[in-house]
Structure formats: structure tokens, C-alpha cells
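So this first bit is one chain, no partners, the form predicted on its own, shown in C-alpha cells.
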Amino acid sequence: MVNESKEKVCLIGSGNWGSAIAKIVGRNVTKHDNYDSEVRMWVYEEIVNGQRLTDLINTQHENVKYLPNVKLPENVVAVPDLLQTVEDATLLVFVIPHQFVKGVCEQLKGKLHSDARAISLIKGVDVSKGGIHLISDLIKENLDIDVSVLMGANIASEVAMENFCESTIGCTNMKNGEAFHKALHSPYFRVAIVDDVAGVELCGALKNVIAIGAGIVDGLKMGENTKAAIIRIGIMEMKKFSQTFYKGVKDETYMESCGVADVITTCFGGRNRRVAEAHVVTGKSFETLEKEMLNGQKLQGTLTAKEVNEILKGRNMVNDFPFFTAVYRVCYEGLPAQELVDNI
């Protein structure tokens, strides 16, 4: 059993972003006396080159499939069993595709440490119950624990290479926010804390829709002026959407790393931008390109565009968000990419 006075961190998820975060957390826990030195990372077991992925990670200290050529600290232990991963953990880092959250939470109910708190690095929203539902709220309601969020201008491969960047923790309990800050902040990964969970989280989800629009513009070779206009319009709709559906979202949150900075990064270097550009250039579907280009990772922007559209239709507000609507129509209704600009 872990010393009751120590925090024990585990990661639920092990894609490229989860592995990049594991590198930071693995180093940080050894710097604080009140943190247990072992960091378990839940890995969905796969066979890679004839071997179990967990065995490869634990012997080579590298996620050879999702984050190759990046060494992980030896105290990061890959575990294929979810319940074993969270055993005794007090700080849970959720970093899985948002469509898998419900199933994971179902398995975790009643199985967590009495002092467990979570932080979500998951970018997306849930619309299954009608209306918009934050992923952090989904985790909180299913597991009855406090949930913070972390979002920012953070392309996983660049974070893994230790290129300087910033990120933002949104929390309602500052003590919990600070506990996660100790585990996540580093000289090259500078983390700020704000008391605006909804604002931080919605920026993290909606920026992927903006990136789809930016990638379409890149595919059409419409130039930097048009791309800048698309980004500006997208940010305005992101702000309007957030403040329409969640009262209390703060204007200043959009100037944190989770806001404008994350939009810029994603619109120039993220997977959503790349796949949207390829959609225009090749004419292939987003679903096909996800399989061909992302090595098992998930494309969040198209799914979020669909979920946003469901919310807007339910409120009869489609015409109030022409950019989000146009991106949805390109992704799901066959709107020609070249008509994106004409529809906003």
C-alpha cells in the first residue's frame, strides 16, 4: 500500500499525448517528497512487432507505437489492467479519446482511493443526454470526485522534445489545482492555474473545429490572409458558444494558453488541420484519412463539429454559428470544401 500521506499519480491513457505527459509526471514525482515515485500508465494492450505494447514500454522505456524515439522515465510503469492502474492512486490524469470516457468511468465506479481527484486532458464534449455536457462533468458525476482540466498549445511531439510551451489548468478547488500543478509543471512545460474549468475545457474542445476549417483553407491554397480570417471568425464563435451555454466563462481565459495560443498551434501544426487539408487534396473521407494518417490516434475535430451541430440544432441556433455549421456540413453533408468561405 502507498504511504497515506503521499500523493500517487496515475495516467489513464497512453497515446502520444499521454506518453508525453507521462515523461513530465515521471520526472516531477521524484522531486517532491510527498509524491510516490511510481507512476502507473494504463495502456490498451496491443501487439506491436509480435510483442505486447506494455512489455515493450516497460523494457525499452519508450512507447514505440505512439511516441517512438522518446525515452520515458523508468518509474513510469505500463499496466494493461485499468483497475490495477488506479489502485491507491490519489491523482488521476485522464488522457483518452472522449468517446471512451463513459466506458472507463463505468469500470472505475466504487474502485477509487477515498482521496482520489482527477484532471482531464481530454478535448471534446458530450451530447448524449441532450445539450452540452463537459467531459470533466461527466467524470465528476460518474465517479463523484473533483475534476480539474488542463488544456493548452501543446502538440505532443513538441512537448516530448522539450520545446518550451505553456498550458492552463482550470480548477474549482485551488488546492487540487496546485497538487496537479506540482505533477505537471516543468521548465519547458509552464503551467498556469485559473478558476474557470468550463472556459478552459471548451477552448480545448472547440479549437479542433477551427483547425478543420484552417486545414480546408490550406488544402484549397487560399493563402494566409484567408486562414487568418478563418481563425479570427472561429475564435469569435468559440467565445460566443462558450459564453452562451456556460455562464461565468471569463473573457481573460481566451488569452491563456488554452485559448488563442492553442487555436494558433492547432491551426498550423495539429492533426485536425493536417487531415482536413488531405481531405481537400485527395478527396478521401475523414474516416479513411484518420485510419491512414493517424497511426491509431483519433480525430477529434470532426466529432466535436458533429456534437456542436446537434446542440445548435436542438436550440434552433444553427444560423447563429455559420462557421461551425459550415465545417460540420463539409465533414458530414458533402458541402464542397471550396464553398466553406461562402457559407460564413
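Residue numbers here begin at 1 and follow the sequence given. These numbers were taken from a predicted model, which means no experiment stands behind them.
Absent from the display: the form predicted in complex with a further copy of the same chain. The rest refers to it.
Contact check for K71: no non-hydrogen atom falls within 4.5 Å of a further copy of the same chain in the predicted complex. Put simply, D195 is far from a further copy of the same chain in the predicted complex: not one heavy atom of it is within 4.5 Å. Though the partner is left out of this view, R232 does reach within 4.5 Å of a further copy of the same chain in the predicted complex, counting heavy atoms only. Using a 4.5 angstroms threshold between heavy atoms, N225 counts as touching a further copy of the same chain in the predicted complex. Note on contacts: among D126, E166, D137, D146, the single residue with a heavy atom within 4.5 Å of a further copy of the same chain in the predicted complex is E166. Taking L112, L82, C105, I264 one by one, only a single residue has any non-hydrogen atom within 4.5 Å of a further copy of the same chain in the predicted complex, and it is I264. Relative to a further copy of the same chain in the predicted complex, residues Y246, V249 and E310 are all farther than 4.5 Å at every heavy atom. Stretch-level contact check against a further copy of the same chain in the predicted complex with heavy atoms at 4.5 Å: of 200-208, 71-79, 254-262, 85-93, the positive one is 254-262.
Shown here without a further copy of the same chain, the chain has A153, N154 in 132-154 lying with a heavy atom within 4.5 Å of that partner in the predicted complex.
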